[in-house]
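Only one chain is given next, in structure tokens, and it is the form predicted on its own.
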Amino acid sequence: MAGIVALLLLSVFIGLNYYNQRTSNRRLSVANAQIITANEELAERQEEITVQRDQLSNTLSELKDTQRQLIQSEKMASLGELTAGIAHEIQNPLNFVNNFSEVSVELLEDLIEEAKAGRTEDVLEIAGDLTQNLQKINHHGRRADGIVKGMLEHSRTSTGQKEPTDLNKLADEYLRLAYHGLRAKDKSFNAELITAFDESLLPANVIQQDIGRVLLNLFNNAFYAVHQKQKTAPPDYKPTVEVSSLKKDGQLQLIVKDNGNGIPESIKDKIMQPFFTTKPTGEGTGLGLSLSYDIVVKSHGGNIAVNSKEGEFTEFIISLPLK
């Protein structure tokens, strides 16, 4: 009897073991199938990710190309405005050169006559006048040369190399070029230019072409603001643009202020954003202040801030490290 019971128990054990094994095999088969399916889905997903990555890479490359084109367009737009100012500004030294040259020719004729007559004292006096004229011709020739070099510096692609730069001189130069640039478009426009430069400032280590572009953009905006306000302001309104430099809190500051229409408080936080402009269509790209911000903050480790009161004034403050 005990043997039969043992045999029955053995049969039950074998049956259960067989059932468990079949169940395990089925579960294993299901698991393997799920793994295969998951691997296939993963492979498909990886392929999709690869395609999306390539698409994003291409899109990024296109965006970078577009950005470069837009930046170059902005530079060329500012170059066009600068050229108008240069054409007017360079005319002044050229006029001096021409005038002094003509006077010098007449003096030489007088010199020859006095020399033939043997009037030594008159000869020496005329020779002195000629010397002064030649010095003035040289001075104004160098002035014209400096303006042309400034234009070439502005138009060429920045090398990214910082060099000691007299920011007072740079600001004064671009202020007058921007002013004459606007006057070339509207000869009836006049503005008062006020400068207050700290003459004790040492040359700053900056990328000269880039800081020049920042200044030119701020000056153009300032003159545009006062010009627009002048169209609707009372007759006693006097357009004024002020530029100053100083040392403050371990930094060098350049401040550009105008008494134009100011910036509404509601958009003050947006003016540095790319493509944001308050100018009418066709008069602004919305890139000038954005590029200026990148140059000052990202390239030079400085800061650019704005103070403004609508209807009264706008003031941009460029802060640059002294070292």
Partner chain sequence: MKILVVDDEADVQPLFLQRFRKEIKNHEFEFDFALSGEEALDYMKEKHSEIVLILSDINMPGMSGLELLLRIRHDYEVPPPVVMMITAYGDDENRNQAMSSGANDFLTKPLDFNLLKEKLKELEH
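Residue numbers count along the first chain shown, from 1. Worth saying up front: this structure is predicted, and the values here are computed from it rather than measured.
Unshown form predicted in complex with its partner chain; subsequent notes refer to it.
Peer 1: Can you work out which of Asp166, Asp110, Asp198, Asp172 has a heavy atom no more than 4.5 Å from its partner chain in the predicted complex?
Peer 2: That would be Asp110.
Peer 1: Please identify the residue among Lys116, Lys248, Arg142, Lys238 with any heavy atom within 4.5 Å of its partner chain in the predicted complex.
Peer 2: The residue from Lys116, Lys248, Arg142, Lys238 that makes the contact is Lys238.
Peer 1: So, Val206 and its partner chain: in the predicted complex, are they within 4.5 Å at any heavy atom pair?
Peer 2: Residue-level check for Val206: no, no contact with its partner chain.
Peer 1: Quick one: is Asn95 in contact with its partner chain in the predicted complex, heavy atoms, 4.5 Å cut-off?
Peer 2: Flag for Asn95 set to yes.
Peer 1: Heavy atoms within 4.5 Å of its partner chain in the predicted complex: does Glu125 have any?
Peer 2: So Glu125 counts as contacting its partner chain.
Peer 1: Just checking whether Asn190 would be counted as a contact of its partner chain in the predicted complex - the rule being heavy atoms within 4.5 angstroms.
Peer 2: Yes, Asn190 is a contact residue.
Peer 1: Kindly confirm or deny that Lys64, Lys268 and Lys270 each have some heavy atom within 4.5 angstroms of its partner chain in the predicted complex.
Peer 2: None of them does, since no heavy atom lies within 4.5 Å of the partner.
Peer 1: Which of these stretches, 240 to 248, 127 to 135, 208 to 216, 221 to 229, has heavy atoms within 4.5 Å of its partner chain in the predicted complex?
Peer 2: Within 4.5 Å of the partner lies stretch 127 to 135.
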